[in-house]
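Single chain ahead, by itself, as structure tokens, in the form predicted on its own.
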Amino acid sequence: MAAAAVPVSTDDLAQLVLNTIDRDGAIASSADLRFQGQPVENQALHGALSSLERREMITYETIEFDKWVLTAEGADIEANGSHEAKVFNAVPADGLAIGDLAKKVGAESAKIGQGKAFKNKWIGKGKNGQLVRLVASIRDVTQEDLATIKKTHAHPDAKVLAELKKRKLCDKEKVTHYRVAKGPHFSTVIVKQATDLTVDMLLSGSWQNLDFKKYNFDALGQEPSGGHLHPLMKVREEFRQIFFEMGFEEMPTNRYVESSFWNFDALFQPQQHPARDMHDTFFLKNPATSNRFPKACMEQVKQVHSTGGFGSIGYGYDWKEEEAEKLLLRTHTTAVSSNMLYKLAHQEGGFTPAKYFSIDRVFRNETVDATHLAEFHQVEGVIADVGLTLGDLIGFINVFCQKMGVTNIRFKPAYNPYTEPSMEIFSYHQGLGKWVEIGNSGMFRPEMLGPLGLPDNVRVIAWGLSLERPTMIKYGIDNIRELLGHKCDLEMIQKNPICRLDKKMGREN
């Protein structure tokens, strides 16, 4: 077996190369280089040679060739004989019981060598079933071939090499050596080169007497680390797949700026509602308004707010178009849902049942603390169909939560301006030992659906939850400011695994 290469520093290798060339005039093959009596590691040697060549202290060329070497089993056979030879030698002149062969040569040699000895017609079966010799002596060609490979790292017969490689007794290795000669600036003394031009060098003029290291424009740069998905995006993708499994279509949510019309008015949220206060909502200054919404729909919304309609008496106030025109950062993705329902009602061919979902950012003017941010992600599902009931809503939420791996669901009556009835969704948290709210849900009111143009018999059910809370639970994060924002640890993003929710098998109602 060849001696293992020893690790040596680049500086020590460079000095070894220069001293060897100074003594011998050149290096015919780097395979002959020894450091403290041991061969040197090839990759490190290449780095030292490249450094010396850039200084023009040496020149070198690469020598590449293939050589054949013995495997561990091949080396054993070369030293002690082949399996078939061991079997032949174990059979005495008067024969040997087959069951005793493994005891004499070992189980492996008996298993491999018996068949080959039979094939070579060295042994056979006698009349009494024993193994007997068929020839007086043998020539162990396998051992001889392996000895040739060990000595010359080759063999004159390519078929022999292929057969021994197939038996995993030898293998081919690629060998790289270097031929090294003196360069135009050869010296045995390595002067440390300057790598950077500094301000002090320029001020003092010392740069004129320094030897600067040359730039290697052919060298490969450091491989940049690849992008990493944020934990929120990992959990988001799991949720997306759940929605797709349930037959939902993803809504376009890339418009963060919405008009108050779609964000509030179209959702039957009165213009005096506290959520429209600047302390709760981010309003834009420039541009501050937009009237890019359908006027016919606006008139219907105005009427239902002011005097009622669709079975409602409305809020009984003077609805103002200028309030609806105010631009804001959307406070919920339900602003997208109202727009999508309007398009669904006015699509070519009329209304058809639909399932929509969205997972994207929303913005609230809230005080930032361990559990609140001014922006977060909302997960929302919407189903529009004829004759839907509260039972359908409860059923779909149960299926959705089961696919999330969440069980022990409870519902609590709640109030929302645009849903009636409305329900908060709770789940029992084993770690906290109590019921925690995980989302909100409800059936969109007729006062909201009618002005959008949906038929009277169409009902729309919806539910939503945040993306941050399940992500924090999944990855063990207790402060939301460590998940998003300037306090977010990039190493946390790089090292956290992909999300795999413990999904339960749920049956859709």
Ligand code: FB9
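Note that residue numbering begins at 1 and tracks the sequence as displayed. These numbers were taken from a predicted model, which means no experiment stands behind them.
The form predicted together with this ligand exists for this protein as well; it is not shown, and the discussion that follows is about that form.
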| property | result |
| --- | --- |
| This ligand contact at residue 462 in the predicted bound form, heavy atom, 4.5 Å | yes |
| Touches this ligand in the predicted bound form: residue 69 (any heavy atom, 4.5 Å) | no |
| 4.5 Å heavy atom contact, residue 376 and this ligand in the predicted bound form | yes |
| Partner proximity in the predicted bound form: residue 469 to this ligand, non-hydrogen atom cutoff 4.5 Å | yes |
| Interface segment, criterion being heavy atoms within 4.5 Å of this ligand in the predicted bound form, picked from 22 to 30, 36 to 44, 50 to 58, 438 to 446 | 438 to 446 |
| Listed residue (114, 338, 259, 419) with a non-hydrogen atom within 4.5 angstroms of this ligand in the predicted bound form | 419 |
| Answer option from 169, 131, 404, 149, heavy atom within 4.5 Å of this ligand in the predicted bound form | 404 |
